[in-house]
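We begin with a single chain expressed as structure tokens, specifically the form predicted on its own.
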């Protein structure tokens, strides 16, 4: 399997993206249902070339700069990249955001919650983060529900990349 495996859950491997993941990354960034509530530009990714540039400049660059980022979620059953989950350092606010995105075929199966539980544990225990946030479009009820299941609580609204998001927070210090 390509990419450095970071985490393993019951049904998933979470590993670093590499350039060979451009096709599934493009699918996640161009599927209207997937990007509906994200901060992505309308229409999302429009070509494999653009997807490769975003892959290089965001998750792959984040691994090199911060040592973590959004990781490819690989279904153990068939080794298909079906989404991503991970942490992203937001330089403008000096906070770490948990984020996830899955292809619609895999929605409603608890995979995002499963992946993000492992990501939160990694942030707390491996990275020593004391606080993790989640930015979510207020109308994205499914993602709000996931953040709440993970223990994040509402903390107002913020503007990020020109859009308004609800901010959820979990304080991780002193928890296990």
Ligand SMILES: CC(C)(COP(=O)(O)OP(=O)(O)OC[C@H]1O[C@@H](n2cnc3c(N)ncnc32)[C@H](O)[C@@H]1OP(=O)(O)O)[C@@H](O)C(=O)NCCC(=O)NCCS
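Positions refer to the first chain, counted from 1. Please read all numbers here as calculations on a predicted model, not as lab measurements.
What comes next is about the form predicted in complex with the ligand, which does not appear here.
Proximity of residue 33 to the ligand in the predicted bound form falls within the 4.5 Å heavy atom cutoff. Using a 4.5 angstroms limit between non-hydrogen atoms, residue 109 touches the ligand in the predicted bound form. Although the partner is absent here, residue 50 lies well away from the ligand in the predicted bound form, with no heavy atom inside 4.5 Å.
Contact annotation for residue 142: at least one heavy atom lies within 4.5 Å of the ligand in the predicted bound form. This chain appears without its partner; in the predicted bound form, the one residue of 131, 149, 126, 65 with a heavy atom within 4.5 Å of the ligand is 149. The single contact residue among 120, 45, 135, 60, judged by any heavy atom lying within 4.5 Å of the ligand in the predicted bound form, is 135.
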